[in-house]
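Next up: a single chain in structure tokens, the form predicted alone.
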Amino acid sequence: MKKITTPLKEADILSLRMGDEVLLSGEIYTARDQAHKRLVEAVKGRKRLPIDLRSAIIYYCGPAKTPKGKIIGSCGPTTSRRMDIFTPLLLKKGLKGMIGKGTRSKEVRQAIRKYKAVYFLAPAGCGALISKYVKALKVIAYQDLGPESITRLKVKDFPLIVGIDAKGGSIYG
């Protein structure tokens, strides 16, 4: 297991290889389809983004309602491919990591390699279990989107697998 922290450093990203098991600590952002659409519209409209993408990680997740006494509800990954139309531009703007489940398009794989980023896989079907690695939560932007708003999570030893590394290596072949 490799332990890494955010913000992601280039040396850490370049040291990762497809299939590596990682324990991630630090801050990550949740964002799904509608939040991605708004981020891309802001970039294209030359508007200020609600988060600093440089060296950031976006987790493709829409957390479930938080039960009483908990920090977060179930927070499993959503299908990453739905964000593929937005991802290359966000990588160009400095995004360095993504967390989700499933394969990525050829364009995203090329952009990951070009911009020296990394795509992590979170354990699918284990949202309730991995919620215990979330230590704090704060809604940052687009609150009107409910669970699809952009939320900052503080995580400790969040378990991940490198799905696509910065050299383009992919566990999907």
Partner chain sequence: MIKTIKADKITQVVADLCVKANCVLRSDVLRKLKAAYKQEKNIRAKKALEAIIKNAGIAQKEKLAICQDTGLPIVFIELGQDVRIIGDLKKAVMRGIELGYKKGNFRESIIRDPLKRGKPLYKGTIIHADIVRGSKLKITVLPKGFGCENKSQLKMFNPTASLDEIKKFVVDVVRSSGPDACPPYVVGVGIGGAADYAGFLAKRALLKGINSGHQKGLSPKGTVPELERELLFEINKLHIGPMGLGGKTTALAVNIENYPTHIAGLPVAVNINCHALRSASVRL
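Numbering follows the first chain given and starts at 1. Here the structure is a predicted model, which is why all the values come from computation and not from measurement.
Same protein, other form: the form predicted together with its partner chain, not shown, and the subject of what follows.
- Although the partner is absent here, P77 is a contact residue: one of its heavy atoms lies within 4.5 angstroms of its partner chain in the model of the complex.
- Among residues of the shown chain, G94 is not one whose heavy atoms approach its partner chain to within 4.5 Å in the model of the complex.
- Among heavy atoms of I51, none comes within 4.5 Å of its partner chain in the model of the complex.
- Although the partner is absent here, K114 is not a contact residue: none of its heavy atoms lies within 4.5 angstroms of its partner chain in the model of the complex.
- Only one of 106-114, 39-47, 137-145, 22-30 places residue heavy atoms within 4.5 angstroms of its partner chain in the model of the complex, namely 137-145.
- Contact annotation for 87-108: residues with any non-hydrogen atom within 4.5 angstroms of its partner chain in the model of the complex are K101, G102, T103, listed in sequence order.
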